[in-house]
Structures are given as structure tokens and as C-alpha cells.
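Listed next as C-alpha cells is one chain, alone, in the form predicted alone.
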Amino acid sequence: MEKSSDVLTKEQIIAATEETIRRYGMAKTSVTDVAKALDVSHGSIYRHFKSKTELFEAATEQWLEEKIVAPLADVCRDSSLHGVGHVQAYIQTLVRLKRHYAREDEALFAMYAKVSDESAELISKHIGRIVGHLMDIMLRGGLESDHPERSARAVFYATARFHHPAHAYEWKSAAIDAEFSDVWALIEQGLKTND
């Protein structure tokens, strides 16, 4: 017997989407598969999401918020960190989280990578959150900059090779940690404190 679509929530649909992607993979998952997992018609899904693309974007947005942004927000608020060390801890956490999910939750990381290529608005919003955190850390930490947002964005993009999903294939390299250290040393030289 089919569940009533009146009580079906977006959260339930997104949870079922994640499980279905883990089972079948991103390329093979359809709205019909998600509907079957929920024991509803695919029309019930379309009452909440206009398309498969919109559904995958919503699932990716939730995944990013829970798995990446929330832990980064904790690092941003960590009052035991200060200055350049705080920026470094934040970026290292971003790198660690992305590597972890690329390895431990390959199906949903693949979803994130695909949506990253296709949804500029969603990814721009995600980057904006990270840049906002970095800017906050820099301002609170006394790091001088005529343009704090540009400086925060520069740190984000300078380290992109270590956290952008397009570079995930490189993260297994034995040299990747040393290469990050080299890039970080240059960034650190550019971040000065107001002492």
C-alpha cells in the first residue's frame, strides 16, 4: 500500500535519495528508484522537487551543510585558535573532511562532484559560506588586509587542489601532504598580523 504523499517530507525524500544513490550510484539513480524506496509514486516526489536535477541539488546542499559546513563552523567558532594558526586549522579541516568523504562515502561524494560541475548557484553559495568563515577568522585574528573578503577568497582558491572534488584523484598521491605544506608556507608568508 502506497504511503500518503501528504505526509511525505523533503527530508524523507532526500534521505531516500542518499540511500538510493549509495545503492545504485549517481548515474543509475532515478526519481522512480527514490519513489520505490519510499513506497510512493514518482509523482509524489515531483510535488516536492520539479526535476531529478533539483532533487540531486537539494540532496547535495544538505550533504554539504551537514558534512562540511557544520564541522567547519565549529572550527570557525573555536576560541582556542587564533590568527594564521586558526586559518590553517580551518583549511586543514576542510581538506581532511573532503578526503574522508571521497574515501568513505564515495557515492555521495560523486553526487557532490557531479552537482559541483552543474550547479554554479549552489556551489557559489557553498564557497560563500566558507569564504565568510575565513574572513571572520582573519578579522578576529588580527590578520591585516585591505580587502578581507578577497584575501579569504584567495586562501580558498590557493588551496583548491587539496579540497575541490575535481582533484580527488590526486589526493592518493604520496606527495600530496608535502605539496600542501609547500602551498601553506607561501600562504602563511602572505598573512600578516596587526601587531
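Residue indices: 1-based, along the sequence shown. Quick caveat: nothing in here was measured; it's all calculated off a predicted structure.
Below, we turn to the form predicted in complex with a further copy of the same chain, even though it does not appear here.
For the candidate spot formed by Gln62, Val69 and Ala110, no residue has a non-hydrogen atom within 4.5 angstroms of a further copy of the same chain in the predicted complex.
Here is the short version: of Asp117, Glu121, Asp74, Glu104, the single residue with a heavy atom within 4.5 Å of a further copy of the same chain in the predicted complex is Asp117. Comment: a further copy of the same chain is not present in this chain, but in the predicted complex one of Asp39, Glu144, Glu54, Glu170 has a heavy atom within 4.5 Å of it, namely Glu170.
Only one listed stretch (54 to 62, 39 to 47, 156 to 164, 128 to 136) carries heavy atoms within 4.5 Å of a further copy of the same chain in the predicted complex, and that stretch is 156 to 164. Contact annotation for Leu191: at least one heavy atom lies within 4.5 Å of a further copy of the same chain in the predicted complex. In the predicted complex, a further copy of the same chain sits within 4.5 Å of a heavy atom of Asp182. Though the partner is left out of this view, Arg150 does reach within 4.5 Å of a further copy of the same chain in the predicted complex, counting heavy atoms only. In the predicted complex, a further copy of the same chain lies within 4.5 Å of some heavy atom of Ile187.
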